[in-house]
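Listed next as structure tokens is one chain, alone, in the form predicted on its own.
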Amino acid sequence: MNVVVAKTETGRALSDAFAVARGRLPGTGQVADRRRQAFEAYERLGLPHRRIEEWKYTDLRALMREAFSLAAEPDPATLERAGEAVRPHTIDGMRRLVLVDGVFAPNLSQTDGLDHGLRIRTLQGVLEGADSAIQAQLFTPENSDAMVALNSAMATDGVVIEIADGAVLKEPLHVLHIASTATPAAMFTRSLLRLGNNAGVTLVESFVAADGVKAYQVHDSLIVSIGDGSRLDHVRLIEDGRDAFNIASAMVTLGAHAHFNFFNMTSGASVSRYQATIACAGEGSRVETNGVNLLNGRQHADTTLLLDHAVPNCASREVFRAVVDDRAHSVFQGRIIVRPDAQKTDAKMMTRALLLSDEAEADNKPELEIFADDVTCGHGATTGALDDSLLFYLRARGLSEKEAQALLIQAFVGEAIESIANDTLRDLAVSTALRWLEART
């Protein structure tokens, strides 16, 4: 039976955007075929809406009221604005890789003197080259999710990072996504990180806007492969402009005895969704995922995680915190699957939301699907307001109401932030939270 999806105006605009941009997208032959197949999958699925269980709280047909055209290649003025935006977000001791409006900016990046065992290429270069193995891995994700399929079809650029067996990088890699377009536009990026066996790295991603840049749309995806005995620490900081739209997807696969430590903080963008599929494919692997939403105004932020335990003796921990003010809306959906062969799995998940306004909203949906019988699994969810007795205690000791609230909120999100292993990055996350708290009226 053929199913025809009725297109919204936004859906039609995305189809038109692909038709217009097709000629400038990198890659020919099999790459172009994969793009076409991905876009056909997107058109069959259409924009996600509330009748799709995974998207029930983030109805893009309602939230994404228009689709912007693909951002133009950055011109000198655009790059100059981006360079000014890079300066306050530069972190000492980290190698900077900059994407401006979805295109790699070599003059703003640090690609000289790479550590032994580290290789960095651009997505555009890989797709236009002859490395068919990497090209196939870049299009590995199935096109069953409409936004992943759309990203596969439209990806313009990104970074391809390969770390050889045994290489443990002391210098973190910092990927800066800068929106610098002078007119409303969309940017589609896809990156790949592949760690060999017994390797290690810290990856930082920041999403920010240059001064004066308002409405724009980010569509990003990241594919990660962590080899046996390797460790990846991944920190994401979403500080997009308040009129921005950010949809990001990640596909992570762990080998045997691998360790993945992840932290995500969202304080920017009008509408954002981070969705990740994390697969424990090697025995003895460990996953720690932590997240914080700091929202106010009419912001909408969705974190959706699928943790797939497919083999025995793996462990996972999920800690998520949301602080929601005004009429903002926070969503957390965490799903843990324990496959029949995944005996001795140890998986726990806890999500907590703090509502600072009567009109604030938080939807938490933790799920367990267990098909093995020798496991230790649990989940929990709570939603509430600040404790009046604690506020009274702090006020009685000379703190103003705002200071007392800030202290309690900082303690509330602290458990998730403390999971960051790198001291500099932990301090950066704390500073981001403090800026949000200071901006509260």
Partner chain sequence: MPLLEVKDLTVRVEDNEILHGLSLTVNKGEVHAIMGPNGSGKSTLSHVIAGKPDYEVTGGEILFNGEDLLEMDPDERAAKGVFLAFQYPVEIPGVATMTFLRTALNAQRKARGESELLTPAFLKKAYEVADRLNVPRDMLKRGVNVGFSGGEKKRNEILQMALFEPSLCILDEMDSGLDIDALRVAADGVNALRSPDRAMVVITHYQRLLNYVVPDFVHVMSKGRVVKSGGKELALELEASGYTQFEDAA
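No experiment lies behind these values; they were computed from the predicted model shown. Numbering follows the first chain given and starts at 1.
The form predicted together with its partner chain exists for this protein as well; it is not shown, and the discussion that follows is about that form.
- Though the partner is left out of this view, residue 45 does not reach within 4.5 Å of its partner chain in the model of the complex, counting heavy atoms only.
- Although the partner is absent here, residue 30 lies well away from its partner chain in the model of the complex, with no heavy atom inside 4.5 Å.
- Taking the partner from the other structure, its partner chain in the model of the complex has a heavy atom within 4.5 Å of a heavy atom of residue 408.
- Although the partner is absent here, residue 372 lies well away from its partner chain in the model of the complex, with no heavy atom inside 4.5 Å.
- Just one listed stretch, out of 66-74, 48-56, 385-393, 34-42, contacts its partner chain in the model of the complex at the 4.5 Å heavy atom level, and that stretch is 385-393.
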